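The chain below stands alone and is given in C-alpha cells; this is the form predicted on its own.
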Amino acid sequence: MKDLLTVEHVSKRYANHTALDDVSLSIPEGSVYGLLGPNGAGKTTLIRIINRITAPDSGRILFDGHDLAPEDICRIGYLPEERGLYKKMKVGEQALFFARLKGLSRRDATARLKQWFEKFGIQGWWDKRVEELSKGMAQKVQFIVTVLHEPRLLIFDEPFSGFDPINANLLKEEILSLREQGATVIFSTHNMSSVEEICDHITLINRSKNILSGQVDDIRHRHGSNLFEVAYRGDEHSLRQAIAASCEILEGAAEESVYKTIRIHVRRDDEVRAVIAAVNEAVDLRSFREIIPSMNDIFIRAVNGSL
C-alpha cells in the first residue's frame, strides 16, 4: 500500500513555544489514520500545515509523492474543530456557496447536496437560516460540505464533539464508508474508543514530538505486557498503598456487583508474583488477569512517559 501523505522532519515554532519538533509520519492511501495527543501537543498545528494554512519552519509535506502544492488543496477536505457557518444565510444557500468554492457546478452541487441532506435526515432544513440549527445539525451541514467534492484526503478534527451517540455512530459509519470508496482519512481526536473502532493506524504526538506510530492492533499487542485487571473486595486506598511501589494504576475502581475492578501496569516481569501477594494481603482478591490494553491505557502510559 502506497502512502498518500508523508510528513518529513517537520518543525514549527511560535516565539518561545515549539509547536512541532522534527515530526515525521506516513499515511497509507485508503486508510483511517488517527492523530492523537493531549491538548497543546501540536496536532492542530500539523493539520494547519497540511492544509497550507501555515508553513513549517523546516521539513516538508509530500502529497501523492510530490511536494504539497497549492493546487493540491482542492483534493483535501477539512472539518476543523472550530466550526464556522454564516448564521444569517440559509442552510442550502450556504452549502451551495461552499460547494462552488470547491469547484462544483451549481447543478452537480445541488444534486449531491440533496442526496446528502436526505441521508442525514435534514432535507427539511434547506430553507432555514443557520442560526435556527442546533449544534448537531450545524455539524452535519459542515460534514457534508467537507466531503461533498469527494476529496482524496479528508481531515476531521474532533468530528464527534457535541454529537449524541446515535449521530456519532452515523458519522462513524459515513467515515468508514468514505474509506471503502477510496478516501484517505486523518482523524484527530481525544476519544480513544473511537480510535479503536475506526482507525487503522495512529500517531501519538506529545510535547511537540511523535512518540508513537503504527497499526492500532500491533501497538495494542506490542505494549500489552504486564497489564492486568484486578477484581477485589475491600478498601481501595489500602490496595493502592500496597502496590504503589511496583505498579502504575491506569484506571480507578469500578463497581461490578459486590466486587471492584482496577487496571494496573506492573513495571517489571519479575514483580508480578509479588504484586499478586501484596494485593491478596491488602484486600479480598477475586481475580487477577492479564489483558490486552485499550488505546486509552496506551495513551495514558505514553503521555505519562511510562510506555
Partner chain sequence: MQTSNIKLIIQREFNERVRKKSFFLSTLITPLMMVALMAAPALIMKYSRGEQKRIAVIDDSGLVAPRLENNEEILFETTDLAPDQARKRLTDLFGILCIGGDILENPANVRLYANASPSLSLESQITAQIEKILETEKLKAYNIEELDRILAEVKTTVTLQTFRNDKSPEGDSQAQSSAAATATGYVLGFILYMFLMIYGSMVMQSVIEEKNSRVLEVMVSSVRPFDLMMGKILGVAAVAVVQILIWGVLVLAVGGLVIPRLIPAEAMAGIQAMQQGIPDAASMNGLDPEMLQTMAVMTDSGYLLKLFGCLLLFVFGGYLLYSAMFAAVGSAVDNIQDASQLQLPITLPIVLALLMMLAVIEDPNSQLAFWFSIIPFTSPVVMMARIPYGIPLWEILLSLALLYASFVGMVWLAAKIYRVGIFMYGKKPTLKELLKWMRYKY
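Here the structure is a predicted model, which is why all the values come from computation and not from measurement. Numbering follows the first chain given and starts at 1.
Although not depicted, the form predicted in complex with its partner chain is the subject of the following passage.
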Inset, instruction - From the candidate stretches 233-241, 95-103, 132-140, 116-124, select the single one in contact with its partner chain in the predicted bound form, where contact means a heavy atom within 4.5 Å. - result: 95-103
Legend entry - in the predicted bound form, P80 touching its partner chain (heavy atom, 4.5 Å): yes
Inset, instruction - Would you check, heavy atoms only and a 4.5 Å threshold, whether D57 touches its partner chain in the predicted bound form? - result: yes
Inset, instruction - Give a yes or no for R267: in the predicted bound form, does one of its heavy atoms lie within 4.5 Å of a heavy atom belonging to its partner chain? - result: no
Inset, instruction - May I ask you to state whether K88 is within 4.5 Å of its partner chain in the predicted bound form, using heavy atom distances? - result: yes
Inset, instruction - Let me know the one among I249, L62, A277, I53 whose heavy atoms come within 4.5 Å of its partner chain in the predicted bound form, would you? - result: I53
Inset, instruction - Scan L170, I211, L176, C74 and let me know which has any heavy atom within 4.5 Å of its partner chain in the predicted bound form. - result: C74
